[in-house]
Structures are given as C-alpha cells and as structure tokens.
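Encoded as structure tokens, the following chain is the form predicted alone, with no partner shown.
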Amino acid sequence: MIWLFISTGLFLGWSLGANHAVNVFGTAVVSRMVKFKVAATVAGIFVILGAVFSGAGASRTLTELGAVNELAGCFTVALAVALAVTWMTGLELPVSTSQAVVGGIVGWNLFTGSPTDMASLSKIVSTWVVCPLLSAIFAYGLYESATFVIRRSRLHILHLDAYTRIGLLVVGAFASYTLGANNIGNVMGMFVAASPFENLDVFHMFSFSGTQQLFLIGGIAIAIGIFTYSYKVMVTVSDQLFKITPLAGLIVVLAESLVLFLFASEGLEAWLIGHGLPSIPLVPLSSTQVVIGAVIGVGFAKRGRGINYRVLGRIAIGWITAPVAACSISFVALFIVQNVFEQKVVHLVPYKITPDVVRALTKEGIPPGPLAKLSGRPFLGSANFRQALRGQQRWTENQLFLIFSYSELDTIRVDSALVPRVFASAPLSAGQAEAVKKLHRRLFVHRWQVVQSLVDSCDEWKPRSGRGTEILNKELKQRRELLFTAFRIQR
C-alpha cells in the first residue's frame, strides 16, 4: 500500500519532468544545438542529484503551508495536482506545478478544516510575481553583456557556434540541478510529514534520511518524464512564444538557473546571513514562470520584436487555472476517497483549550472570552474544532492558525537519557543539555509548553531577533522538532 499511495507522487514527478524539461533544454533542442537524447540524459542525471542533495530547504515551506498527515491523503492530493498538470500538458501549455501544488494543499486544508498558514502562503504567492520579474532583469542584463562581448571579441561564427553548444550543455546541467533542488518539494514535499521511510545508515559512513529516499524516487520520476513526454511542450515555449536563437536560449537557461539557485540554496542563505545581508526565502518556485520571465527579458533586450503576446496570454491563463483546478479536484477527490473507497485521508489530531492555552494566546493578542467558553472540552479533528471556534466568534485565518497551534494535544514525556543518541551528529551545548536534564520525566500535553520550559531554563533555547539570526533560529527549530519526535508518547 505504501507504493500505491506514493504512486501519485511519482505520477506528479513524471508530469513535472514532461512539462518542465523545456525550462532546461528546450531552446537547445529546438534550435538543434543539442540532440534531445543527450539533453534528456544530462537533465535526468542532474535533476536527481539536485533533488537528493539540495531539495530539503525549499520543501519545508510547503510543509508549513499545510502538513498532509496521512499517506492516503498525500496520494489523493498528489493525484489531483498531477491531473491538473497533465491536463495543461495535454493542451501543450507550460503550467506552474508549484502553483498547482499550492492549490492542492489548500484544497486539503479546506476539506479537513485545517487553518492555512497565511504567512507561508503570502511568501509563496509573492514569488509568483517577483521571480518572473527577477529572471527578466537577469536575462536582459546577461543578453546585453553577452552581445557586447561578442561584438568586441569578433569571434568567428564557427567558434561562436562551438562555444554556444558547450555553454548550452554546461548551463543545462546546472539548470537541471537547480530544477531538482527547487522543485522536488512540489513532487514529494507533501509526503514528508507522512514519510513511510526510516533513516538508513550506509556502511556506517553516512546517513541516508527518509526524506532523501523520497526525493530520490521523486527525482527518478522527473527524469523519466523528461525522457518520455517533454518534446512537445518544448516546442510551445521555445518556438511559439519567442523565436529564440541558440545564444538567446543559453541566456534564458542561465538566468533561470540563477533564480532557482537563489531560492533553493541553504548554503547561500547561510552566507548572506553570515555577512549581514538580507536572506532570500527558500521557496519552491514555478520554473515555468521563471523561464518565461527570462524569455520576455531577452525579448525586450531585442526591443520587443518577435514576442507572441497571444501565446503569452494563453500561458498566463494556464497559471491562473492550474491552482484553482488543483484545489477543486483535491477537495472532491478527498471526499470520494474517504467516503466511497473508505480510506483514511487525514489523521484526526486532538485539540483542547486548557487554561494554559488561554493565557498563552492572550499574550498573542487573542481575546480570552470566546476561548474560555470552550476550555476543557476535547475536540477530535480540525473540522470539529474549527466549527466550535466559529460558533463563538468570527476569527481571521491567522488567529485560527495560532489557536490551532497552541491547542493541539501532543503528549510528550522528557527523557534526558535519549539526548546523546538523538543529537549524536550535532551535540547540544552544555547549557541546552542541562535545560533538558532539568525537565527529565516531566509530562507535557502541548509542544509549546516544552519550548517555553526550555526557554525559561536556558537562554540558549530562546529564539533571537535582529539581523543575522535566521540560521540560528532555524537550527533551534530543527532541534526542537528532534526533541518532540524522540520524547513523543502518542500523537
């Protein structure tokens, strides 16, 4: 059943590969500078490498948007997204898989009554506007610079042709790596919260995590999609939207690669923060939007000549339709799978508003009166809890997200003896370890209570504020999650 449920993720990966190979080697193949089989082989290898070794950063944002917590639910949401993407592929339109995935997860939130993290949603949606503009600016600048250098160097046309072919292969490999790193979250990100795989210790040399195993099979599915069904979509963007020369194609892929790399690299994020610079959010991007922004940038560098605005309009319609279609299909499919096929699509999480929860939420600006009326009553499942809250007052989605986060029951008993094993690769500081030791055998019913107790005992568990603290806070969050997993008694 595990492989049956994951099969829709593999189908989604195949759809992404079929639809997004154009963003990597489309112009090279259509201009006949690189043979399709060569391009597909290079793209397949590097997309797998990018997925396995650099895919974790961007995928976390999707998990924060909505954690699909049952394999049958993951199966259904991924199927809905794959159907939406395949439909657009059948129309020979490059569709935003990232937007379709967001639509599918929002559909799951609506079906289950789970609140949507509006901060994560706004972060993702903002990239739908920023990234095409950024890639257009990169492409414009790169094209102007390349043409200036070529004019000054006076290269023979045969030499220029040879350099362009090599450049298309090298940049295509880099683009494939960044495609796998940034978009594997779209394929397998929703399966992370319900991952069926355990960590593997390979010859006592390195650990191959369950998430990396998911990303490996997802990357293989993307590679198969590139080999089997990507050529038709290549023609739409690379030949119909704008008549791209080999040099322009090289610039487009390079601009796309740079943008995808910026929004997927945890190493770059750490470097920026370490040098006091603003960090770039790690978000799964729509590589289709990025590459079309780059195509438009090159078009404007050529003074706008040759851009087919009618095709651009059709593509924009696909971008709007994809998330709406995926959301609708996801909602209906979840209902059918749960009620017709009698599969458990959602793990019913228990909630309870305790006096401690009321006091904590009051500090967050939530009015205590409506919460006090529900204090002490247990609720099983997000839908039941949301309905009870709605009966007391009209809440914003942000308020609901806070209430759900604080009220979730998650029984945890601290066992400090497990700390050396849990943090073997990255040991806690002396202060952090001592704070955990002080809580030995303490029982908590909410995760935030554990965090608050650790913070009260040791400042090293306290999140920092100000510039340059993002990496530290991210590490603290990851360590807290490890503690919850190790000390959890029941979910």
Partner chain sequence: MDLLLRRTRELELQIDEYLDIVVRGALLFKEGVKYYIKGQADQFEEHVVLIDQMESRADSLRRSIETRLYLETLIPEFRGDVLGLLESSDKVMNRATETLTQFKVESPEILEDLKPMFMDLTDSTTAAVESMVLAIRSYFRELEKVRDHINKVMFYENESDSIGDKIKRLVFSKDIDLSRKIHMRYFVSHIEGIADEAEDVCDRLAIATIKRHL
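Being a predicted model, the structure only gives us computed values, none of them experimental. Residue numbers count along the first chain shown, from 1.
There is also a form predicted in complex with its partner chain; it is not shown, and the following applies to it.
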- Item | Site test, 151, 161 and 245 vs its partner chain in the model of the complex, non-hydrogen atom cutoff 4.5 Å | yes
- Which one, 458, 65, 451, 33, lies within 4.5 Å of its partner chain in the model of the complex by heavy atoms? 33
- Just give me the single entry in 413, 165, 123, 314 that has a non-hydrogen atom within 4.5 angstroms of its partner chain in the model of the complex. 165
- Note on the structure: Per contact check vs its partner chain in the model of the complex (non-hydrogen atom within 4.5 angstroms), the hit among 210 to 218, 153 to 161, 320 to 328, 115 to 123 is 153 to 161
- Query: Is there a non-hydrogen atom of residue 347 within 4.5 angstroms of a non-hydrogen atom of its partner chain in the model of the complex?
  - Reply: no
- Message: Using a 4.5 angstroms cut-off on non-hydrogen atoms, would residue 390 count as touching its partner chain in the model of the complex?
- Response: no
- Message: Although the partner isn't part of this model, could you tell me whether residue 302 comes within 4.5 Å of its partner chain in the model of the complex, counting any heavy atom of the residue?
- Response: yes
